[in-house]
Ligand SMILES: Nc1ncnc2c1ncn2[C@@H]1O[C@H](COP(=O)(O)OP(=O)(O)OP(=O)(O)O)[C@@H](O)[C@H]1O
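Quick setup: one chain, the form predicted alone, written in structure tokens, and binding and motion questions come after.
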Amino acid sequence: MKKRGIFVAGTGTDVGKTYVSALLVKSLRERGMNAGYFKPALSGAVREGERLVPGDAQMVCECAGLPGDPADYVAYCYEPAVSPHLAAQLSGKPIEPDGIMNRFREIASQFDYVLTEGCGGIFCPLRTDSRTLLLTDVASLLGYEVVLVSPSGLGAINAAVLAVQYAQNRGLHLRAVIMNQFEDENFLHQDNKKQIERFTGLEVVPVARNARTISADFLLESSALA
């Protein structure tokens, strides 16, 4: 039976995917769901002796109370703080679809629901040598709906609409757009939300700056939890 889950992607780098992922996993677990986390590839890990510490996974584990070593939730972990495809080349450890799926199955066997966090933006190359592997290819392999994390300020409309259209052209089903660091009293943020909803037809979920929780209601209404 296919495991339930969601794929969290971003309109770009540093838009708050890990922050949103951590709060969503926390919210689901607080509802009594056995929810877990998975990261296909991570670059920019911190070296502690012979060990690489995957900061994104560590943050999610600490916030959501996930058991075990954060490194166990990541399929490919690299030290260079560059795009995963380049980090893989520099490290001499190419990213393989089978490697991603094997680690995913290990994690999925422990949880009833798995939130998968992408890396970089929705267009993120994972491999560009003898073969091409994109982040959207991984999302397609998992077969989950996609939640897109977007900033709330100037440029949010362009970033969100283009990212949604690209993902849809790649055959992915989008569930919602999460506008991170949203300010209720900011007229620009309010209008950006309105326009993103208009031009994408998707539900837009605002998340306030420094929010400590995110309601998982929009996931519970989704086929991602059906």
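Residue numbers here begin at 1 and follow the sequence given. Note that the structure is predicted; figures quoted are calculated from it, not measured.
The protein also exists as the form predicted in complex with the named molecule; that form is not presented, and the subsequent description refers to it.
Indicate whether V15 is a 4.5 Å heavy atom neighbour of the named molecule in the model of the complex.
V15 belongs to the contact set for the named molecule.
Checklist entry - P97 near the named molecule in the model of the complex, any heavy atom under 4.5 Å? => result No - in the model of the complex, heavy atoms of P97 and the named molecule never come within 4.5 Å of each other.
Quiz item: Taking heavy atoms and a 4.5 Å cut-off, does Q195 contact the named molecule in the model of the complex?
Solution: Taking the distances in the model of the complex, the answer for Q195 is no, it never comes within 4.5 Å of the named molecule.
Taking the named molecule as it sits in the model of the complex, is F218 near enough to touch it, meaning that at least one heavy atom pair lies within 4.5 angstroms?
Output for F218 is no: heavy atoms all beyond 4.5 Å of the named molecule.
Which is the contacting stretch out of 65-73, 45-53, 180-188, 167-175, given heavy atoms within 4.5 Å of the named molecule in the model of the complex? That would be stretch 180-188.
### Message
Only counting heavy atoms and a 4.5 Å limit, does any residue of 111-142 reach the named molecule in the model of the complex, and if so which ones?
### Response
The stretch touches the partner through E117, G120.
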